[in-house]
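In the form predicted alone, a lone chain appears below as structure tokens.
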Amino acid sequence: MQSLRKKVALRSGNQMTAEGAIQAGCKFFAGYPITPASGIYKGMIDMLPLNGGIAISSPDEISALTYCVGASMRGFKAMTATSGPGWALMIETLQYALITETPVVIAVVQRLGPSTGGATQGGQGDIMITEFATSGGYTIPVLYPTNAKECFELTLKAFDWSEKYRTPVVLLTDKEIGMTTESVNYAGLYELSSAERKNIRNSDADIKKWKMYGFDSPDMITKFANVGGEVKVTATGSAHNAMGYLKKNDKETIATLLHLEEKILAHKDEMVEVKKELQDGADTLVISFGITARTLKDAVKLAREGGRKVSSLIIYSMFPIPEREIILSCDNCTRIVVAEENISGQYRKLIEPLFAGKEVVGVNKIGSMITTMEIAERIV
């Protein structure tokens, strides 16, 4: 990696995700090969041991995330990578990481579903299952790059959010981004960093009032205690109080469960990553993400060359939904076009309530990428 500093190289999104994880300080990776995420698996197996970490091949996806959560509980930044079928197997462990407030990053490279689906076909159909995988409907932060360089940058951001807010974070990509090789300029990438974990120690002034899952306000993120470290740790996947003791129905336990969501909502304005190009006088706003956002750029350019005024919004922070940026971007528009490579318009349905009184149009497709003309034709 050192030899790549400030040079241009051909890299896939999967390779850049692996390199971004190492730059973020990831020290543990466990994975099970699955198309189209196997490039991340290979990248971490090849590079992480050379950078002071451990990378292992797990017997299945369930074990992969379980190993990662265990490593994180021991104090190491950890990541795994999978695709739709593997993600479905990881959901129980995801919820364990959520309720124990254990940082971990999961890269999910989408392919055509459902079930085993089309392993070598792309898609953007995992938006709902990545976000709404938990019992209780808790917000899982989700980031979604559009190219290989952004895979590096947003992997660092995923680790940053995971450590800051003590939560699992998903880096969502798709087959085209993950497996397409393109030119990447490394200038500035190795100056990027992500947050380090705040750990409690016996010598800390606040140790007497510290609780593993304690908080004094909705935005408070309490310090972490490593399993096997200086401070006793109690962790359970069942409902628990602020000390981690298994409880149910008492006020502290309910408050602790509510805090899992409240802490994310309290920081949602800090978790906004979008790119907007607003044109004066535009009455149409086009929204997209991932590989389809690259097509969006061509469609908007084509429409403007044809004399039409149109604005665009690329969303990188899918969840928490960047509501304020979406509302501001469409403020003077009467028509909203949302393009995404799935059947029903999964993200469109979630953000449609923000467009009260405006015409909302979906551009949807499966089996192949959405074309420039398919978006441009809906811009009027």
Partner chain sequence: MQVQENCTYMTSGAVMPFCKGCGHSNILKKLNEALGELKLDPKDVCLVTDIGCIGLTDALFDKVHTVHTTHGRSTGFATGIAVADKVLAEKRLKTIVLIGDGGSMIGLLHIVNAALMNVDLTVIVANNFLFGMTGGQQSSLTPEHFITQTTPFGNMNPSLDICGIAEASKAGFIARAVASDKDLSGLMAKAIQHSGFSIVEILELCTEHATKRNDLKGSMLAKMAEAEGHKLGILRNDVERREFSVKYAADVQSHLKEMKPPRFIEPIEGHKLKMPVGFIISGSAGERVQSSAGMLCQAALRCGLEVTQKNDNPVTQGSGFSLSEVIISPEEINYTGVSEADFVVVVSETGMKELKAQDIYQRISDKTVFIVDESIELDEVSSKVIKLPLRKMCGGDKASLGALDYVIRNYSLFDHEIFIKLLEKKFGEYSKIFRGEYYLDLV
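Positions refer to the first chain, counted from 1. Everything numeric here is computed off the predicted structure, so don't read it as measured data.
The next section is about a form of this same protein that is not shown, the form predicted together with the partner chain.
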property	result
Residue 63 within 4.5 Å of the partner chain in the predicted bound form, heavy atoms	yes
Any non-hydrogen atom of residue 380 within 4.5 angstroms of the partner chain in the predicted bound form	no
Heavy atom of residue 364 within 4.5 Å of the partner chain in the predicted bound form	no
Residue 370 within 4.5 Å of the partner chain in the predicted bound form, heavy atoms	yes
Heavy atom within 4.5 Å of the partner chain in the predicted bound form - residue from 284, 295, 82, 167	295
Listed residue (193, 238, 199, 135) with a non-hydrogen atom within 4.5 angstroms of the partner chain in the predicted bound form	238
Non-hydrogen atom within 4.5 angstroms of the partner chain in the predicted bound form for each of 53, 76 and 180	yes
Region of this chain that lies against the partner chain in the predicted bound form, out of 220-228, 304-312, 126-134, 260-268 [heavy atom, 4.5 Å]	220-228
Residues of stretch 18-32 in contact with the partner chain in the predicted bound form (4.5 Å, non-hydrogen atom)	19, 27, 28
